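One chain is shown next in structure tokens, namely the form predicted on its own.
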């Protein structure tokens, strides 16, 4: 979808100034088999194709210990999404709802999240399954699945 066209019935936009209120550091990019939104799955599939999180080599040491978690959370920047919709009409059902009631990639701050299966780590490259983003998507962060992570009790 381009920012100025492709609205579905009942969708509403808002005029926005250029964003300038936050800085994010991309730690790498994501390699997937999907180059356009029409081919990309709506949600990742457990048995989906292998994808790669390619971190900038400087972040390789930050991956130490991640292999202990079979499921990890990946946060990424949906850089090709429009950011001005207040309401959306998902094509699967035709109902119109507010943007914050959807997991759509079209959002004011297009941050995507996926729980993925960790296949392996080789240097600064993490192999996973279950992603649902386009090839070349900027990578924001990687975290252990919070259901698998149990913090230590605080000392008294």
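A quick note: this is a predicted structure, and the numbers were derived from the prediction, not measured. Numbering follows the first chain given and starts at 1.
Below, we refer to the form predicted together with another copy of the chain, which is not included among the displayed structures.
Another copy of the chain is not drawn, but in the model of the complex it has no heavy atom within 4.5 Å of residue 80. When another copy of the chain is considered in the model of the complex, residue 37 lies well away from it, no heavy atom lying within 4.5 Å.
For the chain shown alone, residue 89 is not a contact residue for another copy of the chain in the model of the complex, no non-hydrogen atom being within 4.5 angstroms.
Although the partner is absent from this view, residue 119 stays clear of another copy of the chain in the model of the complex, with no non-hydrogen atom inside 4.5 angstroms. In sequence order, 77, 83, 85, 86, 87, 92, 93, 97, 98, 99, 100, 101, 102, 103, 107, 108, 109, 111, 112 are the residues of 76-112 having a heavy atom within 4.5 Å of another copy of the chain in the model of the complex; the partner itself is omitted from this view.
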